[in-house]
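Encoded as structure tokens, the following chain is the form predicted alone, with no partner shown.
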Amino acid sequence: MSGAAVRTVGLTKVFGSHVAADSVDLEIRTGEVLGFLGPNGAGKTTTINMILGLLQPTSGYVELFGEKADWTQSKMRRRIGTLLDGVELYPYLSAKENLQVFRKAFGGIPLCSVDKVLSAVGLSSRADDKVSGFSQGMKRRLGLALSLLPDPDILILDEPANGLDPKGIKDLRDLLKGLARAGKGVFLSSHLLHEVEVICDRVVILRKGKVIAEGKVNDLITETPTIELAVDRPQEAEKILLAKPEVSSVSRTGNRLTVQYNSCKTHAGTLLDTMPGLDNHERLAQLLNKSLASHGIFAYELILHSGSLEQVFFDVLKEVG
């Protein structure tokens, strides 16, 4: 991973009495994919528009490659490729002709780049077909090709998987990972939490204009697994487990309890250190099992379930209310 290519510093936007973005600090780094998550109305689009200079912030600023962003400099714009909602294409031109128009408008882009980006997004076989006959997914692919045309260092993509079928989503996943491996930075705003989990190295979660969680995807997931228990006195066991400070919730279905707990890094204290050879998930499962056993309740089945980004997402939204 490299340093921050794009950095927002206290980025804030106020519309009347509504704070759409509230002191947003984030970094887009070359060599990685950053996921940008949040419910509808969280301020994601506002933040993206400020990063791209399409919206003037009320306060705060954006740095591009170590310099305060100045969007009057074409050299800065050329270093960032974008795919936003509402990208305008010429319907009665072919895919290749559309890209040729933009290639000439950008200036300085080699002719061979058109075929290169069409191949990258899987449109080589449809290069000479008119865009008016394209599906929504194919138009999305062409929009992505357009964002790649100037060979930018950073890609900012807003819901790039819209309209794509499962194969198209997998192709997009492979493409974005490959671009990151090649040293580009990818900023991905999406509602497809599973895809973000698979594609992204880090995530930032926004709610009501504020960053409420951020970190490496693997770290966040590791902190939010669940434990499934089958016991003979489930109602009593539920009360015992809910009294534990490390347990955040318990759901009961028949004799089965699903226990969700808070980060092992901040709970259970030094007890976890007395159980070497096990990861925190396994250690806490054993501690909870021992706690039940001390009350004469014995689990006849215990299953560890890994966490997911979806679980992290809803957990942090619930925590902040």
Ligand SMILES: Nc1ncnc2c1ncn2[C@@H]1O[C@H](COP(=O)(O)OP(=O)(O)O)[C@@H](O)[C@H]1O
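Just count from 1 along the sequence shown to find any residue number. In this text, rigid core is short for the largest set of C-alphas that superpose within 1.5 Å between two forms. Not measured: the values here are computed from a predicted model.
Here the subject shifts to the form predicted together with the ligand, a form of this protein not shown in this document.
Out of the listed residues Val259, Leu64, Leu34, Ala42, Ala42 is the one that sits within 4.5 Å of the ligand in the predicted complex by at least one heavy atom. The stretch from 43-51, 56-64, 249-257, 290-298 that comes within 4.5 Å of the ligand in the predicted complex, counting heavy atoms only, is 43-51. Using a 4.5 Å cutoff between non-hydrogen atoms, Ala20 counts as a contact of the ligand in the predicted complex. For the stretch 123-139, the set of residues having any non-hydrogen atom within 4.5 angstroms of the ligand in the predicted complex is empty. The Cα position of His191 differs by 2 Å or more between this form and the one not shown after fitting on the rigid core.
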